[in-house]
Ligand SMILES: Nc1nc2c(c(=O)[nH]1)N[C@H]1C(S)=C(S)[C@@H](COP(=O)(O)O)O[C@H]1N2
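Shown next as structure tokens: one chain only, the form predicted alone.
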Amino acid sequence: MKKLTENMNFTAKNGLLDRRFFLKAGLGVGGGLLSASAIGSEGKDRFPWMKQPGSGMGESGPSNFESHIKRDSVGTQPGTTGSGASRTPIEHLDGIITPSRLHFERHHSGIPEIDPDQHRLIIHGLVERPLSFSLESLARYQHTSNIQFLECSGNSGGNMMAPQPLQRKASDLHGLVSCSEWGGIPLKVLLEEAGVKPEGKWIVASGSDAAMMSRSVPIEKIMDDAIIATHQNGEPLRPSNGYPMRLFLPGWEGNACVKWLRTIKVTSGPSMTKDETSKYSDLRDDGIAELFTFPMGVKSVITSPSVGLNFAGAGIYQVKGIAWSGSGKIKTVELSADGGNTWAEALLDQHVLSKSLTRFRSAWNWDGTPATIMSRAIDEKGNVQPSRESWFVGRAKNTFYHFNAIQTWAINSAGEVSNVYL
């Protein structure tokens, strides 16, 4: 390892290396190059799976050796059927696309099984021409697709409220976020066809689930980039993500992206539905609740190392994670391995898209001594991910939503990772 690192400049304390380290060091950073003896013995070791044909073709699915990579913390609220959430296993994934089967879930009354031939999307209210659309009729309109994240506004909320740091996996703490290629019809096109009246300033979107989830959305967002999503990652929406259609609002809180979309009513103002007054509001320390704080703030999470993904002795490791912002593209992700005293710029993967997950990485030459590691994201609008202490300024201690403060992991001399507050 000395030859690989002796000419590299350390840009922060505790061994964080220049973000170009991977490009310069090439394949040697992991110490995984084969020796001549290993190559020479390759033909002698024939494992059982090399001696006979494998199984036949069947339905797609992961390797049995990767069966642990599944939605985490699947929990149904007591006394309900299907109300609750499950989380994306972010610590086991790479890249920016979340496989559809691993996309997080949040349901208020279970997952309805909707016959698409009977389902209709109704646009009514302050419009010149009320309209009704079947799934088949929507397929006739021009579609668009974009790779964008979806985050529940309650993501990370448990870590925010707990008086002591929760010693749980990254997915348990921050797994209510996923990123997909969403395909569908710009809602602007449908509303222009319906003819929004001048007094129409908001819409109320309602779902077909038993909870009849309803959210108010300003017309400006609808006419900007909202879509009626019918596809996710190239396939029709899965039932847990709103089949046959859902509202998708890039960069805005997941709850407003109403699943199993049934009606869009154009109104003159917000309707103050039960789902936007009893929940999804932000309580200030003066007792006032702020409503309609839709955009999700700039945020990042180191997914490895994290609780459960420990180090096996001193050496060079890859630190990696995800960053995102409801305001646009991620500009920079900075890393610190000394509790925020010094920072180094991480390497961003090639795909840096607006309102999408962005993958960041860095090489860390961990010397085996205790360290505290964290990430801080900055977006193209200049928004900086806040510290935990600064996030709470002006907020009630029991507020729950829109938590985007810095996550800190501590590594002890044995390489064990724990969640800490700074």
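Since the structure is predicted, the reported quantities are computational estimates derived from the model, not experimental observations. We number the residues from 1 along the sequence you see.
Keep in mind that the form predicted in complex with the ligand is not shown, yet the notes after this line are about it.
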**Prompt:** Can R246 be called a contact residue for the ligand in the model of the complex at 4.5 Å between heavy atoms?
**Reply:** yes
**Prompt:** Though only this chain appears here, would S327 touch the ligand in the model of the complex if you measure heavy atom gaps against 4.5 Å?
**Reply:** no
**4.5 Å heavy atom contact, F133 to the ligand in the model of the complex** = no
**Request:** Could you confirm whether S304 comes within 4.5 Å of the ligand in the model of the complex, counting heavy atoms only?
**Result:** no
**Prompt:** Out of the stretches listed (337-345, 193-201, 251-259, 136-144), which one is close to the ligand in the model of the complex, meaning heavy atoms within 4.5 Å?
**Reply:** 251-259
**Message:** If the cut-off is 4.5 angstroms on heavy atoms, which of these, T230, T98, N241, S171, is the one near the ligand in the model of the complex?
**Reply:** N241
**Asked** If you check H119, K320, K265, H108 against the ligand in the model of the complex, which one has a heavy atom within 4.5 Å?
**Response** H108
**Asked** Along 144-164, which positions have a non-hydrogen atom within 4.5 Å of the ligand in the model of the complex?
**Response** L150, C152
